[in-house]
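Before any questions on how it binds or moves, here is one chain, the form predicted alone, in structure tokens.
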Amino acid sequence: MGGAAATLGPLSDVSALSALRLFDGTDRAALEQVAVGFEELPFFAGDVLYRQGDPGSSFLLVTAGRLAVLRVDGLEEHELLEAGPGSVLGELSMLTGRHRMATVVARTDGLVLVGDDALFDRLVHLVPVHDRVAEVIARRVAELTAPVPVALADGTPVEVRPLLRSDRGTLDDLIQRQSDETLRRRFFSPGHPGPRVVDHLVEINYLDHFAWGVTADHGEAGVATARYVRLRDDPATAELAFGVADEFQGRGLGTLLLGALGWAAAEAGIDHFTAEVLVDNLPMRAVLAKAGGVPEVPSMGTVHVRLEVAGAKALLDRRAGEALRLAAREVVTAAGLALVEPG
């Protein structure tokens, strides 16, 4: 961190937390349990608290002052936002194991609290904090990410963008339109999934659970989704799932979406994909094979396939891959900055 004169010290007063809107509704006993893990760090205008590309093993909670979050692309520097009291910065590196994705520079004098990954895990499990995180992530992703126009193999134009909570109705409509055979291949059962399943499909944090949605007719109709979910016991691996409307099957959407997931996963620090596929789901098995998917011996009617993220990325041409990479990067960045309060 910058600021040669700044030194870390223990948090002196839990009221520094209770004064922040982030912790509204959190009882004092819970705050005291979190507070003991923080250290205070004063900063001064012009200090660099961390730099893009640095290894990251801590996060910052701003209690006073303003900080600018900057990202460097080539020779250009972009200010993503200004963070004020109540903002949390830097947790993305802990969640993904990747280096810092942005630089944080002090605009004014102020104070941050510094915590490690274990403390961050405790913090986001405080119920009021967790709920606010989810809301801000969804809002920021909606603000930062524009749909990516892509043409299917037959020339049909579609748009690809991250799936949001607000897409629940569109997703439910897509599922309701699907045939029993399509549902069987997706959910391993011909029946329509219940509301709780649909709710789960839009509970996305864009780091451990990422989903793309595809629309046609200028965004009016949802025609496909694809997602990965990071494995808890193997953070560099994620499981895949796809859902494509009957009328859009066999038109290259599966290949497009597997490639799109590859670009998103690479931004989130994922190296491998796995998928459980019904033995008779030959179209999906063929798509996974295109990306170098290696199937295991079938068991109980399903086959387990493992593939490298790099193989999935290679399914897309350079132009489409770059556009989706940039869109995914914005989403991952937004997820990492989701606890930021306006400066």
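Residue numbers run from 1 along the displayed sequence. In this text, all values refer to a predicted model and were calculated from it rather than measured experimentally.
From this point on, the text means the form predicted in complex with a small molecule, which you will not see here.
- Taken together, the three residues 281, 286 and 290 all lie with some non-hydrogen atom within 4.5 angstroms of the small molecule in the predicted bound form.
- Looking at residue 269, you'd find every heavy atom of it more than 4.5 angstroms from the small molecule in the predicted bound form.
- At the 4.5 Å threshold, heavy atoms of residue 170 stay clear of the small molecule in the predicted bound form, well away from it.
- Although the partner is absent here, residue 253 is a contact residue: one of its heavy atoms lies within 4.5 angstroms of the small molecule in the predicted bound form.
- The small molecule is not drawn, but in the predicted bound form it has no heavy atom within 4.5 Å of residue 205.
- This chain is displayed alone, yet in the predicted bound form one of 186, 100, 71, 161 has a heavy atom within 4.5 Å of the small molecule; that residue is 186.
- The partner is absent here, but in the predicted bound form a heavy atom of 249, alone among 145, 249, 237, 215, sits within 4.5 Å of the small molecule.
- Figure note: of the listed segments 114 to 122, 253 to 261, 196 to 204, 77 to 85, the one touching the small molecule in the predicted bound form, with heavy atoms no more than 4.5 Å away, is 253 to 261.
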